[in-house]
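Only one chain is included here, represented as structure tokens and corresponding to the form predicted alone.
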């Protein structure tokens, strides 16, 4: 579904990403692990086009090269992005926020509707007319994901979906991601919470100082305590 090869990115003259390569498959969850400032968010922003990849980087999605395209073109191709900052429309209701994200259905995928989304995020179904600014942080996070799904993406990028959320909401978020995987979506998430990642992910990529340091399955990572200690411990 998504193949990133030799991804390099810069902020001004600062070289942030160094030859990052990864793959994400339909019906699987890939987690980008690493400490704060490791380059996880920059990797996601490069994939969606908010950070322009350096020349020679390759980002193919559904067999089409995306490197160098504008974010709206990448989104229209079926790649959804949920930023860490959430960025909901605080003056719009839940239903109005969902309407903003709507895109046409895609071949081979059942289109997302508010009713289907409320089955995954029941909290939202109970507050359809509530303005986004009067929702908790966890509810806003759910709304941001639901709004992105209204675009009917084939792959969704989730940047730190569990950060700052109460434990009960984190568990609900894990259940929601599992349901998205069951729908056949490819999910790529960046995360610092290893427990949360182990709950939802099939494979992991550890990023440190903008470079990939380890790749493999979550069970394999559990068997490498020295890797966790070196790259993930605080």
Partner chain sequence: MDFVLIQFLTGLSSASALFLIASGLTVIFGVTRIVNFAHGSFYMLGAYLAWTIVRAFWDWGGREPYLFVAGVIVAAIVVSLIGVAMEMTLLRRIYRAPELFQLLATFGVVLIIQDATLAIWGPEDLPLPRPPWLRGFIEIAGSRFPRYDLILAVIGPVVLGLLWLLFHRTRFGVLVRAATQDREMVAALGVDQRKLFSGVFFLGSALAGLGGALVLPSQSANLQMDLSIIAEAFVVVVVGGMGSVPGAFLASLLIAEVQAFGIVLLPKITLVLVFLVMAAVLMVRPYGLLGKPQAHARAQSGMVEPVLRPAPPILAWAGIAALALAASTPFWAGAYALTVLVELAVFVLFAASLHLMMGPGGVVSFGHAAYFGLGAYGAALGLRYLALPMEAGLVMAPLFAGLFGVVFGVFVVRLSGVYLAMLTLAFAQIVWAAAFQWVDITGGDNGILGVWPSAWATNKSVYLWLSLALCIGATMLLRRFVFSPFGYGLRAARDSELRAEAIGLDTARLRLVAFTIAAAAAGLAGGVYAYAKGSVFPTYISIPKSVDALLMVLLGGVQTVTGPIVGAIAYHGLFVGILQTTQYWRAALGLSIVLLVLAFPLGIAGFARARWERAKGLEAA
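Residue numbers count along the first chain shown, from 1. Since we're looking at a predicted model, the values are computed, not measured.
The following text describes the form predicted together with its partner chain, which does not appear among the structures shown.
Contact check at 4.5 Å (heavy atoms) against its partner chain in the model of the complex: all three of 76, 89 and 99 pass. Partner proximity in the model of the complex, defined as non-hydrogen atoms within 4.5 angstroms of its partner chain, places exactly one of 143-151, 158-166, 107-115, 122-130 at the interface: 143-151. When contacts are judged by a 4.5 Å heavy atom cut-off, residue 83 counts as touching its partner chain in the model of the complex. Within this chain, residue 72 lines the site of its partner chain in the model of the complex, having a heavy atom no more than 4.5 Å away. Residue contact with its partner chain in the model of the complex: residue 10 places a heavy atom within 4.5 Å of it.
For the chain shown alone, residue 178 is not a contact residue for its partner chain in the model of the complex, no non-hydrogen atom being within 4.5 angstroms.
The listed set 203, 174, 50, 194 contains one residue whose heavy atoms approach its partner chain in the model of the complex to within 4.5 Å, identified as 50.
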